[in-house]
Every structure is written in C-alpha cells, then in structure tokens.
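Shown next as structure tokens: one chain only, the form predicted on its own.
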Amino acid sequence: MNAVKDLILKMADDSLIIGHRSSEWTGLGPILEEDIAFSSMAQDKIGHALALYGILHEQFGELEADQLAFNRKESKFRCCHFAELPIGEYDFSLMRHFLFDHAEAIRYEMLSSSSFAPLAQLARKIKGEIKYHVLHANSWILRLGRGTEESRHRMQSSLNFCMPYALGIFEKNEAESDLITEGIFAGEEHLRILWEEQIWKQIDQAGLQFPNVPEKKVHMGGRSGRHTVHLHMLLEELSQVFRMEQGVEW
C-alpha cells in the first residue's frame, strides 16, 4: 500500500502548493476576470488537496489534513518543482496553469477507473471540476498565441521555460510497477504520452512551437523530497499562523 500512499501524497502536495501559488494572483490579475478565475481555481485546488489528505488519514492512518499541510518539513513534501515556482509574470502563470491542468485532467480521468475505490470515487468528482480549468487555459493560450507579435513571443518564451519543469510532473518512483500491476494507476510514462499528444494539439492551434527538451534538462527530485529554495519560503508563509497558534480551533 505504500505505492498508493505515495501517489496520493504527491497529488495532494501538488494541489496544495500550486493552489497556494494561484491564490497569490488574488488582487493582482491583469483584468478582473482573471483575478476571479485564478482565485476560484486556487480554491478548487486546495479543496482537492484537502480531499486527498482526507483519504490518507481515513484509509492509511496518516495525520489529519491540517497537520499534513502545515506541519511537515519541506523534505517530506512530494510536490514537483513546477508547482513550487513563484507566480512570476502572468504569461508564466498562465502557461503553468495550461501544462499542469492538462496533466491533472488526464490523471484524474485515468484514476476514475482505479481499482482503489476511494481514489476512483474522488477522481470521478474532481475530473468534472478540472475540465473547466482546462477550458479556461486553452482559451487564453489560443487567444494570446494568435494575438499580437508580443503576446505570441511571450507565450512561446514561457512555454520554452516551463517545459523542463512540466516534464518533472511525471517523475516516477520505485513502486510504480505495483500501481500498474494492481490496476490502481497506469503509470507516469503512460500519462506523459497522453499529455504530450493532448497539449501538442492545443499548442499547434495557438501557433506555438512544441519545445524539444533533453531528458537531462528535466527538473526532477521533488517526488523524493529534494526541492527548490522557493518551497521553503512558501511553506514558511503558508504555515505561519498554524505554527503560531498550534492546537487552536477556529
């Protein structure tokens, strides 16, 4: 069961961290519509994390969600490096949103038929929410990719920068073969193949070029607890109130 726990934990940590990053656009969006959109998607992502931490607590006896989210050292987190990066300029955050949420949509579609019932049940619920995240990302990638020369250049530059990090989403662990054998999850390699096929179509329609990234350039390590400096700073901010008032019920 360790393989299932690892899978759920990395999904939950991804959702928590990228949800927090998306929330940082609240009040800063380039237009009011996007301010609201990123805030709403952040709420969804943190809700997904809560549900996944709940499965870990109920099915495997792990700590409750608040403890898992706010009271772990960074080396215990299993999020990918891509989720940790600061929000940067809007073009970066939008491209991260596009690449990450396409992977999430496919992952939850795959997990909706998982042999691990609690995860399959949750996946069938969450995939409906993420569908709208993907539609939002697609519309903006298409609009800006086909927009002005500057907007197209900025989106291509962001895509080139993001891709080595995005490929780190699919970092495998040693026990993945158990997930495949037991019908729990078809594996990160299969997910990556489906993801590349799906995003290539959208990138092509937007008039952008799909970057070629050598495997040695892919940012790995997050799944084994080796993180960027950005995660440390994010966790300090995220857990500040919790650590000041531990044991308090609001």
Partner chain sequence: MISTESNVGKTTILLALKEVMDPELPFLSVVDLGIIGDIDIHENRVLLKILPTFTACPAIQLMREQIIEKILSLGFYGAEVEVDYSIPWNSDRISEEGKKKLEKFGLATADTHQGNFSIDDIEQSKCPHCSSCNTTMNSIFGSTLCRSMHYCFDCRQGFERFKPL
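Small disclaimer: the values here were computed from a predicted structure and weren't measured. Numbering follows the first chain given and starts at 1.
There is also a form predicted together with the partner chain; it is not shown, and the following applies to it.
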{"item": "Non-hydrogen atom within 4.5 angstroms of the partner chain in the predicted complex for each of Gly61, Leu63 and Asn71", "value": "no"}
{"item": "The unique member of Ile193, Met220, Val213, Ala51 whose heavy atoms fall within 4.5 Å of the partner chain in the predicted complex", "value": "Ala51"}
{"item": "Contact residue in the predicted complex, chosen from His102, Arg96, His136, His81 - any heavy atom within 4.5 Å of the partner chain", "value": "His136"}
{"item": "Distance check, Asp178 to the partner chain in the predicted complex, heavy atom within 4.5 Å", "value": "no"}
{"item": "4.5 angstroms heavy atom contact with the partner chain in the predicted complex for Pro86", "value": "no"}
{"item": "Non-hydrogen atom contact Glu33 with the partner chain in the predicted complex at 4.5 angstroms", "value": "yes"}
{"item": "Close approach of Glu182 to the partner chain in the predicted complex, 4.5 Å, heavy atom", "value": "no"}
{"item": "Option from 220-228, 205-213, 183-191, 43-51 whose residues, in the predicted complex, bring a heavy atom within 4.5 Å of the partner chain", "value": "43-51"}
{"item": "Partner contacts for 121-138, taking the partner chain in the predicted complex and a 4.5 Å heavy atom cut-off", "value": "Gln121, Leu122, Arg124, Lys125, Ile126, Gly128, Glu129, Lys131, Tyr132, His133, Leu135, His136"}
